[in-house]
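Take a look at this one chain, the form predicted alone, written out in structure tokens.
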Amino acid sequence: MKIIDTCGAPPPADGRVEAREKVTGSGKYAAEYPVEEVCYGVFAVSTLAAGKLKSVKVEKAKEAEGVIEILTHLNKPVVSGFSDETKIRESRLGLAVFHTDRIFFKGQPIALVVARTLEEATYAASLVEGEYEAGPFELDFDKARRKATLASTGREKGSPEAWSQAAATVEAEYTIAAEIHNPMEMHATIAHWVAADRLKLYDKNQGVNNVQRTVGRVFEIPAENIEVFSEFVGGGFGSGLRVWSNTLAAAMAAKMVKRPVKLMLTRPQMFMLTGYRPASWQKVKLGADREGRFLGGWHQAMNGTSTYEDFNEWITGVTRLIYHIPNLKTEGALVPLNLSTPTWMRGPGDCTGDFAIESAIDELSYVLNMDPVALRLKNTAIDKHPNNGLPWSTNYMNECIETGARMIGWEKRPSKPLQLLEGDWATGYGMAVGAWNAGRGYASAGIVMQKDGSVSVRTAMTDIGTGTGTGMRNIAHEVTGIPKNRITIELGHSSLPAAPSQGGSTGLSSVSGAVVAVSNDLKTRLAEYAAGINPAFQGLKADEVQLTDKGIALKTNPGAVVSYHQIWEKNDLKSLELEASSGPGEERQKFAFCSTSAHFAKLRVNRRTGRVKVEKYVCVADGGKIINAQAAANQMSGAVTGGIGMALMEEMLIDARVGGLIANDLAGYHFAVNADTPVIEVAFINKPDVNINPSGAKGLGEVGIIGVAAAITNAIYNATGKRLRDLPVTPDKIIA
């Protein structure tokens, strides 16, 4: 990976705040916490795709050595939140595990074996047998979608008649196979009831406060009675944004056996029990005048969902985000399948929709005989949000495009396919853009200062590997002046100041405002204490003082310092603790906010074998002020790698005849690794958005992948002349 800062500032040399714990292994993940008297749970799962569970035969399993209890829908503890369908829907759980005898998908838990050891529980679970009444099932998305009915999304503008005579039009269908998150760490929970109405959870998730609220609703106990630990997370990609069956089953089992229960999913179970990007179908029609100005569009989309929950990706939303399209119609539909429920995954909805829109625009560029870069620059909506009409606070999409074009050497791109040939290899260039509504939530942060001048900055937000903790340290250092090596970070525990889940590219955007607020409060409070020692500090505001490793100083006279030792002694302090909150305000009614990206790929295609080799990749992004250039670039590089997998290899393989998944492990599910990924050049516009939050930072996680798949397939067309509209683009599709 190569980092390029378009403003010329070098990336920081200091490392991540959690690096030592991760490298040495001292950082604890959900399944690694030592808990006394813990026992182990293992799921036994359904072997058919739909029907009714007539009975669960557990006799053999109960005789196995070490078995403590076996939990099924017949003997589960009373769970008040599962008392009726209305409560289940309100809990936002999706699958209410062990609540019903209905079977919705193959791999659905039908029993949880609890034993003294993991090995004993695993063996006993293999002895559990379900007796079923089979029912009809459907797993063929393409077949099922033909029965679905498209409906308007209610966001139409203009009319189809206004562009019926457009000089240039394209119309095509696009499909994307379902994809699996596959984070490195499996989902796991240790549940421990410390009292009848008090629960402790060590849980792999992306938001401890969300776990508190959800589990509290299910068991109908106050959220504050649930303590959640999620200090280290081995990847999420969206899979940790919901409370899944492992968390609820572990809590139920722990209540039943009156001991802590540890439940970690296997890799095959991860394929079915923690969500996925659903399969999708799209149809796009675009029209433009002879100069390339968009006149109208029609975007239809369908995505798969489960039979027990309506999960909508809102695929067409991105069409109303990037471009001025004066006449636009969008329609959508859901396609129920006998699979578990999908969830948000790596740029949800927009990533899917962007592939179709950016592919169609590329096709239109060839119809118009216009450079794809020029076509986009002519139509990007950089002045105002094309849907709600609010002016963008900042939108540097065109600067992203122009910078990326220079970096990739776009001038070398041939205007027609099959021009750069060398033996069996054809070289091509492709590009696409991405955008994401830059959100911000309400968050709180605390700060604790000790007599020696060291501080701890705290928030309940979980860092899933995106560098939130390091960003918080950098902000606290910048605002206060305290050296970074004197700042520690505490994250991922429900007892800390409340914060939203880490997802949707809102993590640092949300918590940064709280860190700024509490850092300024610290400066103000210390100035008040210092005024009792040195009158020069009387009535000073936060921006008039700075903190050092020794004490508080006047900005106008750095030599005027009151030491922390003096303040602590005079005021008889043991420590100084402060907390502050921050969130969106009136700016959301005045401005629209977005993060943007431009993606450029240079690749080679072997016309004999169908192999695609991405040789160079450039990603330029506007994420406002870049708080930590290295972590931000790592995030973008990882997102691009995920996009390469989406474009060329990732696919949930389904045997629609028997109703289950095949290749449900890391050997059978292919995703991009180092050998598939070129050196990715990442550049940032690095201009703060002064309206979004006090730090000026906007989210980056989603725009790193939104646009990648289209950039790659557009480059494949430029190389070979083959327009491939179905992902993943595997070698057989290229040579067909």
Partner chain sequence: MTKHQYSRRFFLRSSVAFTALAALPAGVKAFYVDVENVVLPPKQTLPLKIKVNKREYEVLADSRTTLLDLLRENLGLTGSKKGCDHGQCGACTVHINGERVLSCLTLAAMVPGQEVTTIEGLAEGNELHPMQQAFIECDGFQCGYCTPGQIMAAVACVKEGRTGSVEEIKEFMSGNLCRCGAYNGIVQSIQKVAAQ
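All figures in this text were calculated on a predicted structure; none of them were measured in a lab. Positions refer to the first chain, counted from 1.
In what follows, reference is made to the form predicted together with the partner chain, a form of this protein that is not presented.
Three-residue candidate spot T307, A715 and Y717; no residue lies within 4.5 angstroms of the partner chain in the model of the complex by any non-hydrogen atom. Of the residues K378, H73, R486, R267, just one reaches the partner chain in the model of the complex with a heavy atom at 4.5 Å or closer; this is R267. In terms of contact with the partner chain in the model of the complex, the residue from M186, M252, L93, L491 that brings a heavy atom within 4.5 Å is M186. In the model of the complex, the partner chain lies farther than 4.5 Å from every heavy atom of V35. Within 4.5 Å of any heavy atom of the partner chain in the model of the complex lies no heavy atom of F43. Taking the partner from elsewhere, K22 is found to have a heavy atom lying within 4.5 Å of the partner chain in the model of the complex.
A residue is said to contact a partner when one of its heavy atoms sits within 4.5 Å of a partner heavy atom; P688 fails this definition for the partner chain in the model of the complex, lying far away. Of the stretches 50 to 58, 691 to 699, 670 to 678, 706 to 714, only 670 to 678 has residues with a heavy atom within 4.5 Å of the partner chain in the model of the complex. Counting a residue when any of its non-hydrogen atoms is within 4.5 Å of the partner chain in the model of the complex, there are no hits in 350 to 369.
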